[in-house]
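The chain below stands alone and is given in structure tokens; this is the form predicted on its own.
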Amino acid sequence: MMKKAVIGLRQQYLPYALGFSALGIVGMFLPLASVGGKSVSVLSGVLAAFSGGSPFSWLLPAAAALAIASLALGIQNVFRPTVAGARIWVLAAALNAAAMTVLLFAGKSVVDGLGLLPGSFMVRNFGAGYWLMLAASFILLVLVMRAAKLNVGYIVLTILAIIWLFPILWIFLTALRKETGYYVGYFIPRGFTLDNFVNLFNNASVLPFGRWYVNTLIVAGCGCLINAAIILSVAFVLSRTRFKGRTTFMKILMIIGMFPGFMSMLAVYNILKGLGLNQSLLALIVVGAAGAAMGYHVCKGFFDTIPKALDEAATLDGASRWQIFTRITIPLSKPIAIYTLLTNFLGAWSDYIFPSMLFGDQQSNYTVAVGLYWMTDFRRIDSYYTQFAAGALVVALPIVILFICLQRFYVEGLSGSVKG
């Protein structure tokens, strides 16, 4: 007998979703983890969590409760389908999938907190029960969302966001970790502290991070302004003027730009050494400015879209090339100018290869990229790793501030500027 169709539901997905809900329940009886030949199931872990353990141990009862709730909602929706019931099922399935994902990262804290398994737990020690529940929770969520006519793309975006944010969260938690050492085997720290940030700037005799930070600000700031000025000027000349050898000049710049910059590092270093500029911040600024013109392509393409009639009208009014560039072209090109400033700042801020060769053992002139790598040397990484994580967060701060302050210029178009 055919069931009555419900508007707003794809009922053909409901039985399959119920089947995967049942698979999640089956996973509760299978081994959650196995260490040293001994295994523990989700149910035994739930009972142990009620008897005591770490705060993270309550993830197991929460995951089990959500799996049971999903099964109950599945039975209800299969036999009495409603749009509201399907959406509630989606919420329960999403929470179940989230709980199983968090359990993946907090597994060591959960299992070690229960005290049911000997030895040290690792993610590879998760058993068939956990992996079955994890897979079933995500497949269930996809099927229920399809049944409720919700866009499954949100799940893909959420998974990608978790993958992208995981390294950031790892560094953030490591920077706040109280325990020292490079590898600790668990994701969530057992203790939190701000001492890593304090020690990062206090130990100037051994770790002059404050000096490295100022060095990088000087190089990135100067490089950002000088390089952007050169690129915008070259792009304007090649876009708005015509002269003999222009096409040949652009072809030469394009061919040279195809070769990786590190191919000429040794030659550039020897030239700087002959000039007495090696192991100095000025060398980084000079080298960056010397090759800036080869990055004109994007800016030239943007300038080509600005009507030349504006230049002609300004010329009739007596404007010079410099006035046209500064008062017409640049105001109409804020998005590309901001893009050029940001990319040059980021390039100088995160550059490592050439500065590491240039400065050698001159530690006081290090930039943050070279300094952070120095901290991760095998002889120092165990002592400085938490401070390295704190330094990585501090290094990211100017980039975040710049993007927040300048991102509004990305959405500005030519239309709003031309109207004035």
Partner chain sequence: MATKKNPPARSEKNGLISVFRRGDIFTRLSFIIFGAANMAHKQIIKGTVYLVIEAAYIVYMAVGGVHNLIMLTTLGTRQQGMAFNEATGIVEMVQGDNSMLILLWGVVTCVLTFAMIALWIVQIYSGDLARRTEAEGKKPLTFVQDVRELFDSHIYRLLLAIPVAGLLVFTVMPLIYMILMAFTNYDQTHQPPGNLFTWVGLENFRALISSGADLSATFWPVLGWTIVWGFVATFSCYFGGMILAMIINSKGIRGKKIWRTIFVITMAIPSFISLLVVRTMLGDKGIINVLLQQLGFTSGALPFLTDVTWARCTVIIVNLWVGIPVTMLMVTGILMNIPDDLYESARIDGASPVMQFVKITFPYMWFITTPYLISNLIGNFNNFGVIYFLTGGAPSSLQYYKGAGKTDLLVTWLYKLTRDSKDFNLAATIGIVIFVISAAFSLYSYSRSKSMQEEESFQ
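Numbering follows the first chain given and starts at 1. The shown structure was predicted, so the numbers you read here are calculated from the model rather than taken from an experiment.
The same protein also exists as the form predicted together with the partner chain; that form is not shown, yet it is the one meant from here on.
Comment: 151-159 is the region of 71-79, 92-100, 298-306, 151-159 lying near the partner chain in the predicted complex, near meaning a non-hydrogen atom within 4.5 Å. With a 4.5 Å cutoff on heavy atoms, residue 349 counts as touching the partner chain in the predicted complex.
Not displayed here, the partner chain is kept clear of residue 383 by more than 4.5 Å at the level of heavy atoms in the predicted complex. The partner chain is not shown here, but in the predicted complex it comes within 4.5 Å of a heavy atom of residue 373. In the predicted complex, the partner chain sits within 4.5 Å of a heavy atom belonging to residue 264. Candidate site formed by 230, 270 and 287: every one of these residues places a non-hydrogen atom within 4.5 angstroms of the partner chain in the predicted complex.
For the candidate set 176, 122, 281, 142, a heavy atom within 4.5 Å of the partner chain in the predicted complex is found for exactly one residue, namely 122. Out of the listed residues 310, 104, 83, 218, 104 is the one that sits within 4.5 Å of the partner chain in the predicted complex by at least one heavy atom. Residues of 163-184 placing a heavy atom within 4.5 Å of the partner chain in the predicted complex, in sequence order: 163, 164, 165, 166, 167, 168, 170, 171, 182, 183, 184.
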